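Only one chain is given next, in structure tokens, and it is the form predicted alone.
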């Protein structure tokens, strides 16, 4: 890549709230890149997403239609944005939007927009409803689970798995339930928010660990950084975490990438039991919200993804700094109501 080549990168996930999207952390990583001068386009869904208004993050923002509007509506909006901005690389950061972006990636390339995403087959294989079958097939430790469509199926799972039960939405959120009533309540809450099916998983006791990793699409691991949560919110999100020195966790990510030939970023949510077994609880098909910790530890995954999206060969990272800690914080921004009205009325800022 030419030194300080100018590129335009579009990023979703600007909702830097108590359950944050990865967008702001991804933008920070991309801006920290040394090889290019970057212009950032923020893509938002809501007019109050904090990333729209944060100074030094997105140079320009546009609202895009919700994933439920379908790929055609998204394509029409991106065609309008592309005419104005000439985007080089687009990085989606939400599970629910990935299907549309994966489907549109050939058309986006024709428009001059590169992505670096898993295939539809890779995306489906690690889905929560397919996780047990995928892990069993490939010899990963995984909790037993069941995909259900009615609360009438819960009593049978109580007998099979015992308490506590983990009740999960198909995209996000999970509740640990100690009674049938709690499980029924969690079912209805998640159904209302994310729709059916609901996944019920057996509870595994251990130490919760997350691994952020990046695959090149051929089976090679470009980066893998494990992290242990130091502070967890009531929504189960990491508010602080520290990088770990553990080759077995790096090897777990490498095995996943080798088996799937994963293309792009992802996160392994792992529960390591007392006897050291790493149970895969979830596989998130995009960068996690804490991805900037990989930058701080010496492996800039967002920068590496942009380079690969642009066709550049990227050498795998071979080390990272252990004991690097991230601590998230809240910050009150003051903006003029005119900015909010501009976004609400015109979908741009």
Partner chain sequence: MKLYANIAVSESGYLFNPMNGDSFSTNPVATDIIQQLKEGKNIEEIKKFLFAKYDVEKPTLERDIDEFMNELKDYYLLDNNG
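Numbering follows the first chain given and starts at 1. Here the structure is a predicted model, which means the values were calculated and not measured.
Separately, the form predicted together with the partner chain exists; it is not shown, and the next lines address it.
Enquirer: Based on heavy atom distances of 4.5 Å or less, which listed stretch (157 to 165, 142 to 150, 94 to 102, 223 to 231) is in contact with the partner chain in the model of the complex?
Expert: That would be stretch 223 to 231.
Enquirer: Using 4.5 Å between non-hydrogen atoms, is residue 243 touching the partner chain in the model of the complex?
Expert: Within the cut-off, so yes.
Enquirer: May I ask you to check whether residue 272 falls inside a 4.5 Å heavy atom distance of the partner chain in the model of the complex?
Expert: Answer yes; at least one heavy atom of residue 272 falls within 4.5 Å of the partner chain in the model of the complex.
Enquirer: Residue-level contact is defined here as any heavy atom of the residue lying within 4.5 Å of the partner chain in the model of the complex; does residue 311 satisfy this criterion?
Expert: Output for residue 311 is no: heavy atoms all beyond 4.5 Å of the partner chain.
Enquirer: Check whether residue 69 has any heavy atom within 4.5 Å of a heavy atom of the partner chain in the model of the complex, and answer yes or no.
Expert: Because no heavy atom of residue 69 falls inside 4.5 Å of the partner chain in the model of the complex, the answer is no.
Enquirer: Where, within 316 to 334, is there a heavy atom within 4.5 Å of the partner chain in the model of the complex? Residue list please.
Expert: Counting only heavy atoms within 4.5 Å of the partner chain in the model of the complex, the contacting residues of 316 to 334 are 322, 323.
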